[in-house]
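As structure tokens, one chain now follows by itself in the form predicted alone.
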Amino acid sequence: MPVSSVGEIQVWHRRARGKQLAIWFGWLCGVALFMFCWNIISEKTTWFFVFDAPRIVGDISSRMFPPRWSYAEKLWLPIWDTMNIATLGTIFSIVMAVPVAFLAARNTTPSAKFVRPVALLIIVSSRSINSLIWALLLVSIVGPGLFAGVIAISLRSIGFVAKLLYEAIEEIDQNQVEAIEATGASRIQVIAFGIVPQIMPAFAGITVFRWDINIRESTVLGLVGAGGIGLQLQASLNVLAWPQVTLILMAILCFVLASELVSARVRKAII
């Protein structure tokens, strides 16, 4: 902590003058950047609609209640479709993500210069594109329906699963691997008996966690035509059937809460 002397009195300072000036300059740059961004946003915002938003919210809210309970019988199949999209998408993503994870991990990749960068590129590409964008592209390619939703969820999940899994592979105990290699085991045997048993708890946790995320993401894929309960939500919004919208939102909330409870129980049982 710097000290300065004023006469015979020593004054303690929390930071040196140069460091304090640098901090103030950093704050000044941050405020200037914020004001610059706010100015751009303000120029492209119609503030009349923003100020009128509370009235619109109140008007829509008054139309949303009470929910149309008779519409509930039409939601069971879409909810079932949504769960199938999330489950099948998770399974397909695991099948594709496991090889990518082994190719991306430093201690299992065949080539750190050529193969590993390609595997990392696959992981980054998958994680960079939102599932809604994947669904929008796939609906244009394979047509609307559940298949587009399943593939969109799987493509989005590859990067998530592969990243966490290859990090788990890199953190294994190498002593166990070396012990199995010392017996003359082949590369496949080393992976099967030295690496896989160590990463299985992490793999199970990652799988359940991703399934839980996919449940939530699959509820909105219907907004772009990829099936599921989101399709019912989009149809109700298009005709301004607000009581139906309320019931659908309540169904989505209950469905997500139930999946969260199931995934929490499974993770607790595994871990």
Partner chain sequence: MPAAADAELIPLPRRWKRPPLIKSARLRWSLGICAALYLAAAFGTIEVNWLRVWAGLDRGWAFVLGFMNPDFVSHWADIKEGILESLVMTVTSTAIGILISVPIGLGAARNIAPLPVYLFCRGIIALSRSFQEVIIAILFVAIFGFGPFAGVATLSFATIGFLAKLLAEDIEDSRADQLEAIRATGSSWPQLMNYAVQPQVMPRLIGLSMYRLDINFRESAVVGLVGAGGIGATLNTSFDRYEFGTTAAILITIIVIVILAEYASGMIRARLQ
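Remember, it's a predicted structure, so these values are computed and weren't measured experimentally. The term rigid core refers to the most C-alpha atoms you can superpose between the two forms while keeping them within 1.5 Å. Residue numbers count along the first chain shown, from 1.
Separately, the form predicted together with its partner chain exists; it is not shown, and the next lines address it.
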Check 119, 226 and 269: does every one of them have a heavy atom within 4.5 Å of its partner chain in the predicted bound form? no
Could you tell me if residue 233 has a non-hydrogen atom within 4.5 Å of its partner chain in the predicted bound form? yes
Flag residue 256 as yes or no: does it have a non-hydrogen atom within 4.5 angstroms of any non-hydrogen atom of its partner chain in the predicted bound form? yes
Heavy atom to heavy atom, is residue 83 within 4.5 Å of its partner chain in the predicted bound form? yes
Contact label in the predicted bound form: residue 139 to its partner chain, heavy atom within 4.5 Å: yes
From the candidate stretches 109-117, 67-75, 147-155, 95-103, select the single one in contact with its partner chain in the predicted bound form, where contact means a heavy atom within 4.5 Å. 147-155
Looking at its partner chain in the predicted bound form, which residues in 53-70 have at least one heavy atom within 4.5 Å of it? 53, 56, 57, 60
At a 2 Å cut-off on C-alpha positions, does residue 66 qualify as shifted between the shown form and the other one after fitting the rigid core? no
If we fit on the core, is the Cα of residue 258 displaced 2 Å or more between the shown form and the other one? no
Residue 235 C-alpha moves between the shown form and the other one by 2 Å or more, core aligned: no
